[in-house]
Every structure is written in C-alpha cells, then in structure tokens.
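Alright, two takes on the same chain below, each alone as structure tokens: structure 1 and structure 2.
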Structure 1
Amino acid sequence: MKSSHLSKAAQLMGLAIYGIGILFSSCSTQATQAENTDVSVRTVSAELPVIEAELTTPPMVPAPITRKHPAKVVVRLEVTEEVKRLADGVDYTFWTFGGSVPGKFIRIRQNDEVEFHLLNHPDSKNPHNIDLHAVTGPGGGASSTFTAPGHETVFNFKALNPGLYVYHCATAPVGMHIANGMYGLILVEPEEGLPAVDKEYYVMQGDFYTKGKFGEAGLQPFDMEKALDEKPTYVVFNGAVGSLTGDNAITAKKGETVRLYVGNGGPSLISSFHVIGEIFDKVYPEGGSNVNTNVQTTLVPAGGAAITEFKVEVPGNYVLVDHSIFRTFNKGALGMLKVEGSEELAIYSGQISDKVLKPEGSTIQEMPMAEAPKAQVANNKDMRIALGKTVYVQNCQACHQAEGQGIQGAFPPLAKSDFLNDNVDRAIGVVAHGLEGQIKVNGEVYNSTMPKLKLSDEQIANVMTFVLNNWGNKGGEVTLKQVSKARASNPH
C-alpha cells in the first residue's frame, strides 16, 4: 500500500476524526508511559481483587462468571500481522487481535474495572489501537492505545453497561484495519449473570476484499477499490471459508440449549443471521438487555452483535447463514452446528414421499457465473485429489452427497458407480457438458438433469481424480488432456 493511496482512501472514508484522535493519542500515550511505569497507580479502586482475564479463540467462549462481586480484570491482547488461510488455496495477510479472526473473546462482569494492555508484536509493520464498544470514554479506548510495533499501551476502564459488544482497531485507514480482520467481541455480563445454558459459541461475520476473484489461489492482497464499493469477494464466519464446517463444525446434543454470541465486524455488510432448521427461542437484539422470543432471522449490524439462544430438539446438521443468501453459497458465510442424538420423528419426520414433476422440454441449465475462476494448479496426483475435494464440496456434494452415495431416484451415486468406472472419459464429458436423459447407474435408472457447471479444465481434472480415488472407485488420475478432449467431443 502506498501512503498516498492510504491517505486518499482515508479522506474518502471520512476518517478525519479518527486521524486526529490518533495524533493526539500518540503524544499523550508516550508521555504517560515515560512518567508512569506502574500502571496500577491509576486504578480507581485498589482494593478490588485482581484477576487475569482468560481469553479464548473462536468459536470458544470463556466460562461464565460465577463471582458475585466486581473485580479488577487485567486483559492482555496482542496484535499480530500474519498470513493465514482465507479459503482452500487462498491466503491473506490478516491483522489480528490475539492471533485469530475474530480476535480473542473477552468476558467480564458489569462494574468490573479493566486494566487493558494492548501489545503490538515486534514483527508488525503498522501501528494499531483498539476501540471497545463496551467502554464509556472518548474513542472507546482508541485514543489511549495507539501502539507502535513492539510497544505495549495500557488504559483502565470501568464496565458500566452490560451487553455484548464489538471491539475493533480504529487506526487510519480504519476500514482497512477492520477489513484485515481487526475485530472481536467483549461480553459484559450483567451483575446477576446470564441464564445457564449447555453450550456457548463465538461466531463473528466479516467481509473481505481481495484482488483476485472468490477462490482464486495464492496470497491475495487487499483491494481498496472493492472495499470502497462495498463489494466483498468473501463474506465469512470466523475469518475463513470453512472455519465452522466439517471437523470445525460446532456441536451439541439433542435437548441442549445453545447460545451463540454473534458479532459482525463488517467493515461494510449487515448480516441477516439465521440458522437453517432452527428458531431462536430467544434473541438479545443488538447484544442489549431486551429479549425477543421466537425469532427466525436477526439483523446484526456492522460493528454490532446479537445473542441468540435455542434448544436443539431434533438431531442433524444445522447451517448457520447470512440469509442474504448468495453470501452463504457463493462467498463463504456458511457454518455448521451438528446435533447428535436419536431421531425425533414426532417433531420432524424426514421425507415421507417424493414425486417427480418434470416440466416438458426442460433443458440443461447453466450455472450463471461469469467465467470459471483461475484454479490453483496441481502438479501431482495427490494435489489433484486434495484440490478436487474442495471442488467436490462446493459444486457436487449438494446433489451427489458427502460420501458420493447420491440420493435414490434423484441423484445417481458416484461411489462404486459402474457408469463412471466403466468409462471415465464419458463421465468427464458429463461434468463438462451436463447431462440430460435416461442413464443407468448400478442397475438403477435415472432420468433427470445434471446442470452444466462452469468449471475450468483444471477443476474438472481435480474433481474427477478426487472422485476416482474415493468411495471404492477404481483410482487413477484424470489429465488436462482427457478433459479438453471430453470438452471437444459432442455432448450426449
């Protein structure tokens, strides 16, 4: 980033106020540090018990507070700038509070006095500060915490208001610091505490702006133009595509009550937070003290939060989404809650029947996508299999299912498919062109439509290699040559 670019951006974003705050703070912070090395001198109530705050990495939340009195809580949060995974094959230089995006979860009690230490790792290239929305006072702490690389600043605040609050960096250009992942949540429990629940999790949405398209491989730089236009490339929960799916999914057991502390770092988008297949029994809208009951979707503003609670009565997978739904299925805002337990057929029966209603003259649909994204290039079979798995999860799994088992009568199996194993080139053609009409797979007749997906040759080679090397299929590697040959041949 050139500095001229930054200052232009800062002006465009109307950040003059923050800029001034930072100028003042950088002077005053240095002065206080020089004169006053014992920070506890400035603590208001020296007789309070001193507690070192335990901070957690998302999606975990610190244990509920059981003490019945205020304390002096010492919070130490270290800023880092580090390259981490944004999506499979896609890296990004994140700026973090505590090494994760969102930053570490802070849990305190109303009327606690917090001694807040902001550390900025010596390897950082930029100064940072912190504005905690739980703070009453100018800048929410930003004007007291401007911290150069390798420095540590300290300020105290008293948590007057209970609630769930966002914290974020407020160093110019503020939008860029937030867009790089500098946000997190701080919970100020009311004096009487929150009602006990069985599971608590920390989920925070954020939008990311990369030079490359969604899924474009490599280390992706921040794109200021896209950020100014508020057109994110990625919208994700907990800092990366897939940070709450597969092995990273959050879990509960049937009958448990789950509480989600939901934040939205933005910097730009408002989240329409929803859990598919659940109704929030309770929502504390905007993280405040009121409770709404029986809510389907709750708005979480940029720089805002909400607490949602629901009892999970039926086992299965529940999908966390931003119901501005292209963000979920095309930009990454998809999480998963796995609920274990025995079936609950009286509440949810599962499918009872399925009849085919096929309009006359239906044709193969093309997935609307401008052009296939540039995929990461595989240089051996193992890499093809690994990359192909991502292509499969994103493009095929919805129909052919997680283990390639298909759905009887609707989507043919890819696992042990004779159609596939008997003639791999024909199967590649199916993926390249789509397929319509009657086929027989493992003795079962399918007469349905597979859409033509916009995939690059590289992606098709990867996904077919992945399929061939899983679920009892015959193995082998699909080459780019095979794919381009299949593309050139006539569709069935």
Structure 2
Amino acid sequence: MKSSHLSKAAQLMGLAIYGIGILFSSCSTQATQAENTDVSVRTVSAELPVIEAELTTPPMVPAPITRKHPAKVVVRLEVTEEVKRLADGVDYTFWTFGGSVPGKFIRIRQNDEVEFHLLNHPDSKNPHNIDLHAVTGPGGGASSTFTAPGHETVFNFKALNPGLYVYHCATAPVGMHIANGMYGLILVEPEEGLPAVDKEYYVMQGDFYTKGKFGEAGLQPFDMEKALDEKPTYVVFNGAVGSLTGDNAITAKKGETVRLYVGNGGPSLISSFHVIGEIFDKVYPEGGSNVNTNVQTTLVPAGGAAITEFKVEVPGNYVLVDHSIFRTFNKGALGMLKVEGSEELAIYSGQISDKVLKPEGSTIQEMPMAEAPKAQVANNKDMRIALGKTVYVQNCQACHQAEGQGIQGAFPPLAKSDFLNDNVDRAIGVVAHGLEGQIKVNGEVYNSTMPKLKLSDEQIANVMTFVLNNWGNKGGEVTLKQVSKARASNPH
C-alpha cells in the first residue's frame, strides 16, 4: 500500500478510535443516567432562578445579560439534517444545531448553572452529540450527550470560565460531522458583563468539501478525500456563499461601535479574519480575557474564536474576508458591513486626483486560469439570471459591489449604467476581453483596469443577463450568439 494511503487510513482509524471512545463513555454515562435521570437534573442548585435561554440564528446575537447574579439556564438545542443552499444553484445536506450553520448562538453568564438538553430530530439518519469548549468535564459534554434520532439527552454544567467558545459535534467520524456544519458559538459573559456597544453580530467561518467543483450545480455530496487532503471546495461565512452580502449584509450607522463574535468551525483551515477599510480597536484573541488594540488582521484557529470591536467613522461598504485571499474571491469567504451616514472627508476624502503616469506599454490583465470552468446550461431567462448571480458574486462583486453601485473614482457602477444599457454588445466585449483606458459611465470618467476573465460563453451570457435584469437596468436576455460574436470581434 502506498504511504499516502497508509496516512489516510491512519487518519480514518484515528477518527474512528476517538469516536468509539466517546461512544463507549457515552453508553456508560447513559446507563447511569437511565437509572438516575431525575437525580442528575436535580444536581443544579435549587435556589437559583430558572431562565430559558434565548438562542439566535446567525448573524444575530441574544441581548446582553444585565442580571448581576447567576441563574439556572435551560438550553434546548435540536439537531436536524436538512438540505440547504451552499451557493446559488448548489445544495448540500447540512447537519445542523438548531437548523442553521453555524448553530444557534448561546449566551450565558459566568457561574451560571446550565441544564443542557440535546434533541435529535426523528428524521435524522445519524446519532449526534455535542462538545462545548465552555464545559469543564469529559468530552465537554460529548460523553453525556450521545443522542440517537428521536431521542433527547440532558446534562448539567457550571460555566466556570468567561470567554467566547466553540461547540461542535464529536460523534465519529468527527471531522465529517463538523465538515457538514455541526458547530457554533457559546458566549460566557464575565460576571461584570461586557462593555456596551451599539451593534453585535455572529460570524463563523467553515470549510466545505464537495464532490463537484466550486459552483457546480445540484445537490453536492461530501468528499472524504478532499477533506483528508484539507483541500476545501468552499470556504464561507455562516454556512453559504453570499450569506452576509446583499440583503443579508450586516449594518451599522456612522459613529456606532460594532462587536463581531467571530468563530471558526473548520474543520481544517485557520482563518485570517480582516475587515477591509477598518482597524479593530480591540481584539480578544482566542475569545479570552486578554485584549489587543489597533489590530489589522486576527488569526482564528479551527475550533477557536475571537471577539473584535471597532467604531465605524466613515460610511460605505466594508468587506469581511479571510485574508488568505483566494478563499475570499474564489471560494466564498466574503461578507459585507454596510455603514450609513454623512461623509467624513477629513478622515477619508475619496479619490481627489487621477493622472496618467506611463501611458505606453499598457496591457490587458488576464486572470491566471488554465481554462474556463464548466457552466451549467441555462434553459430559460430566469435560469440564466439565477446562474448569473453566482458568476457575479464569484467574479464581479468585489469591485462592482453587491448592488452594482461600484466604487466612486475606482470602479464604474453597473446599476442604471448608460455604458451598459446604451450598447449591450460593447459591454459583453468588455467582459470577454477586458478593458484598459478611460470610459465614461453616468457622466463620470473612470480609468481603471478590467481584467480579462476566463469565463465560458455560457457564463458571460448568464452574468450579463443577471446584470441587465437588476439595479434599474433595461432587462432582456443575452444569448450565446451575442457572446460568440463579441468574442470574435476582439479589438486587442
């Protein structure tokens, strides 16, 4: 047997041994619980007030805790296995805590006593459990929560340490359960509470391993070979490409302070979390009590978390990224924070000058791809629009923005664009061949470079149809014949 195969076999054996150990421990614990179920629940202090935990779906966060005393907090979290969107046209069977990826956000207070209920929906095909990194005890709760479909398990723990912690499934094969979306965050607030901020959001990165290539349509199965090689097809925030863009973008107003609870479910990659155009005033690395200030990018390990805080002084769109940057623009790890308010020209002026430095020798940049990826064939205009949205998010959104508004002085708008609407064939040619030099769009001059994208005729027709039918443009459908004609009349 080849050494690489031996290595993969060893990894699989390791996963199985770890899972079997938890299973045996779980079975032993469950036998005890079966005899003493009432006793185990009553170990929580009887004199504490009882509170049913508020659980929220990402990117939302439960309200800050204002009480000044510990409580008995009852957490009920249900596991479901369900088909959901991974990208436009791409579905995946996610295994979830609470119906979302990442799972529901849990917020408790230091020294709270937690009665944790894990429910596994009867329609599930697999047993599951939960390992909460906030728990002091065997398996972080995994040994007490091995839960078959249609069952409910209960255990108690005391929140001894404040911080922001990951939770995840630890049933064998552990990596597969995590890779299918079984992770989330639990915040244990310190006794004195956290400093007040204006906005709080929940952002968690994860890597997904599908049989098909990025963007390949249909219901995609999990690929163990890619997972073992740690070569994900998708790297995304909050479980899907575009989960934090467009109408799903998080928001703030100029002058507000934003706190992001950032997690990384992995299972494999480390995240280099960064917000383009902002500096983190504070970072709580590893989700702990230490504070770093004036941070540009912070590392979030697989199975780890960080808290970032920053004040937004300038309005505009701020892009959330994994600064291992190909993951952002080619695998999906991109989000958006939209900040409203009046301009602050003393802090950020926008472009005030644009001069030709060296006009000779300019050339069209070309994206370094060996060949255009295969595109799903659209059968009608509506399908072309849907597929075009995926192409737009993957290739165009970073420059032209989620609503096609562009970036003033840098990248021209596609929304209500006279350049586009007056001559669609010309615009198709720009996508096919790239563009260098000045153009005027909606009365404003732009002199940036549009790279030549390695897109198939089908993808160009799709993305152009998507753009034409959004943001106040004139509508219509771009055909493969139009694209072929534009490609043949290459002016360069």
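Residue positions are counted from 1 along structure 1's sequence. As the structure is a computational prediction, the values presented were derived from the model and not from experiment. For clarity, a rigid core is taken as the largest C-alpha set superposing within 1.5 Å between two forms.
As summarised for this chain, the second structure is the form predicted alone, and the first is not.
Put the two forms on the same core and the Cα of G429 is off by 2 Å or more between structure 1 and structure 2. For T57, the Cα coordinates differ by under 2 angstroms between structure 1 and structure 2 after the core has been superposed.
Relative to the superposed core, Q438 undergoes a C-alpha shift of no less than 2 Å between structure 1 and structure 2. Here the rigid core is superposed, and G476 then shows its C-alpha moved by 4.1 angstrom between structure 1 and structure 2.
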